[in-house]
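The chain below stands alone and is given as structure tokens, in the form predicted on its own.
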């Protein structure tokens, strides 16, 4: 799809259709046109997510107008804008529009995010007849120079999130650890201030990453330890570090998962995908910070060499771990990744992202990201980022009382703490491999996948929380 900008009036664009935002009182964004006579008949009330397709509206050059609800004028926020923008462009697309125009629906950046996230479809593996699939060929954003700049920022962020969606959606026979590395190098090609390292299992052995390697043992696919370094800040300035769980397929290992629904475990790499996409956004936007992204990548398979329950392995900080359940593998690969990241880069902040526990899905469902951090300041920063971007966080406890559940008779610690408070004990396990307060563990198990298309979210992998983390990084940027 071709995307262009213009300074023409939205009403004068020579396109097949335009998107107009409408509040609950039937007024339009910036009062560009009076649509009340067309909308007050029927059920359209301007509520968030509302839509109506209008034809041959007086005073408008285009034959179609997609009126989309922004909700109450005094309560409309960026999330309202994203939902409305996605709803409008999809409504026009599905009704045959090939050339579509849109202006800011209150935030040019959020408008772009809604448009490009909303139009995303994962269908590259299907043999589709292009003529039977409605597609927008040209999209024109109209606004001021400042709005055009904000629009391009939003477009970049959305495209990075779509990268994460794709990598988390691809089947594991394609998206192997090696493929992850190849696609990362391709995505960052030509960007300034970036170095990419893809370390192999022999390197991990030298680093004494016994926890990471214990998960990789059962698979014939070579494991990779991917590191992305971005230096947009001053020399010697401590970086922001993002660490993502990269299990490209999770069978559960010897502690085998039930077969029903196992195919969704191709998305157990969503933390790594979001990590890569966040660094990609930081680099493309040229943020004035230093940042590092770390993604341990491997399958979790029940092969002849696979780790068994009650095996004891050693992480790279020397801590011994009893493998109580091989399906609690994400925390194992993250433990070595966290130790490596902290020791090598001494970041000012470490954030790990993982589809870690089914318990988090039970606790928070699909609306909030479970967030564990000992730092009140970091929590406030994440809360603000989540509220602004629509990828909301909910703080969970890290009380030392929970540590008792992961005590082991065989080793220093075991990798599960039983069913009670499963997401908390997983976070307590990770805390054993971190030596600073400015660390946050984000359990995205509940938000990583959508069961149905809604607003700007597709059915399938959502790509969370790329927007929130790029927003957070922008707050650390010196300009």
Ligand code: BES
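Positions refer to the first chain, counted from 1. The structure displayed is predicted, hence computed values, not measured ones.
Missing here is the form predicted in complex with the named molecule; even so, the following discussion is about that form.
Among the residues 320, 325, 405, 388, the one placing a heavy atom within 4.5 Å of the named molecule in the predicted bound form is 325. Interface residue among 152, 254, 265, 196 relative to the named molecule in the predicted bound form, by the heavy atom within 4.5 Å criterion: 265. Across the proposed site, 79, 462 and 467 without exception lack any heavy atom within 4.5 Å of the named molecule in the predicted bound form.
The closest heavy atom approach of residue 445 to the named molecule in the predicted bound form falls within 4.5 Å.
In the predicted bound form, residue 107 stays away from the named molecule, with no heavy atom inside 4.5 Å. Not displayed here, the named molecule is approached by residue 355 to within 4.5 Å at the level of heavy atoms in the predicted bound form. Although the partner is absent here, residue 165 lies well away from the named molecule in the predicted bound form, with no heavy atom inside 4.5 Å. Only one of 216-224, 328-336, 379-387, 394-402 places residue heavy atoms within 4.5 angstroms of the named molecule in the predicted bound form, namely 328-336. Residues of 277-309 that come within 4.5 Å of the named molecule in the predicted bound form, judged by any heavy atom, do not exist; none qualify.
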